[in-house]
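Next comes just one chain, in structure tokens: the form predicted alone.
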Amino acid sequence: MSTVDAAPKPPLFRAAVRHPAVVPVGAVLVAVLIGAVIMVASGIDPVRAYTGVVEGALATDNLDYTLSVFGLILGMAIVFAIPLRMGEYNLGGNGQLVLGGITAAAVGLYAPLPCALLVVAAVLAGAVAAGLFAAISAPLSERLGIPVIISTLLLSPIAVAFGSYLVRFRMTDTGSGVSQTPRLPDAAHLGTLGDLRYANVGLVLVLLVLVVFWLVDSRTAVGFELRTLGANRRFGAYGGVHIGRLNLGAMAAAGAVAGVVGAVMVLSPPYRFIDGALTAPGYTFAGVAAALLAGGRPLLLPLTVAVFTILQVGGAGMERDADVPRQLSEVLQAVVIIVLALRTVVEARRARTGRATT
């Protein structure tokens, strides 16, 4: 081995390589390159297509809508990121989202509260309902040994079906041919942000949730315990961390955030709960992908969420300007997930190899 090969890497280089942002940036670049190869093979100009994506999402006329979608995806990314910090996977975001939305709609329609309290009560009720529902997965994991990833995945369709039942048979707008609730009263509408039409106070609320998540994650003992369990669960348990209690709190908090997002969607235009409207846009999947890309780190979430927001909103611009099906944006999101999965497999094999040689 030559002297150059054997020389240790500079500390600055090692720090740069190990920076948390390296993996997200690398995964996005790989996805963009693979997408470009696909487009070139199909006879499409990738530069024109990607320009259409960016312009479609960030054009002045669309920026209002893009900000709204950014807030909703960011909220669902937090839903997945909170349990992810302790190594758990919450795949029940859709059910928690729907349960929070239908609860907020019920409060907004039927609660005899003064105008000043109706919006607050609706958002809190959605958070409590979804938080309690998500917390069910914790005792199922601790007492019955059912992994959180399984229980949340199986419980989610139950909540979605329950919301569908309510809006079809108990809370339906009888004068409409669509399965939806009556329009919420004006007192149950979230406040607007200046002249913006889509983005409203809900965006500010989600950003405040992100700040709280960052503070808890980086400045409290609970956040340290969550990160310890995420890094090494056996070590955390040996050190006296109460896994069951943290699991319960993390799942309840994640569900509460999903409930808040569901409430924000219902208390925003068109100010009603519409069957399937909360899950159809795919905000939950985009949030999961963004949270995985960020490794659950609160400070990286806005950056990764911005990437998936641009892909999701800009897909229409790509289809219009470059004649590229908007489904390509979903392919790019899937490629990012595959790259992250391959990285996890490689790291697991390296860890096993290291243990075998020691």
Partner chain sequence: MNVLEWSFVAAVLMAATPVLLAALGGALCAQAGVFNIALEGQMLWGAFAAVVGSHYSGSAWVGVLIALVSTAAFSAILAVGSARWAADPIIVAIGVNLLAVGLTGFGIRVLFDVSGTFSPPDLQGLHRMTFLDGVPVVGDVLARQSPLVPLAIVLALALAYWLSRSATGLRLRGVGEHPEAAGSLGVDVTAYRTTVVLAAGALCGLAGAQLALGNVTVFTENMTAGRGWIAVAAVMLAASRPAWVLVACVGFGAAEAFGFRLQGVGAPQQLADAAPYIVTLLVLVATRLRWLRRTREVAV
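Whichever C-alpha set is largest while still superposing within 1.5 Å between the two forms counts as the rigid core. Predicted model, so just to flag it, every value in this text is computed and none were measured. Residue numbers count along the first chain shown, from 1.
Keep in mind that the form predicted in complex with the partner chain is not shown, yet the notes after this line are about it.
Proximity of A334 to the partner chain in the predicted complex: non-hydrogen atoms within 4.5 Å are present. In the predicted complex, no heavy atom of P185 sits within 4.5 Å of the partner chain. Put simply, Y110 is far from the partner chain in the predicted complex: not one heavy atom of it is within 4.5 Å. The partner chain is not drawn, but in the predicted complex it has a heavy atom within 4.5 Å of L328. A single residue from the set L132, L124, V212, I146 has any heavy atom within 4.5 angstroms of the partner chain in the predicted complex; that residue is I146. Here is the short version: of L207, L154, L196, I274, the single residue with a heavy atom within 4.5 Å of the partner chain in the predicted complex is L154.
Only one listed stretch (24 to 32, 63 to 71, 45 to 53, 286 to 294) carries heavy atoms within 4.5 Å of the partner chain in the predicted complex, and that stretch is 286 to 294.
In the predicted complex, not one residue of 170 to 208 has a heavy atom within 4.5 Å of the partner chain.
Relative to the superposed core, A49 shifts its CA atom by 2 Å or more between this form and the one not shown.
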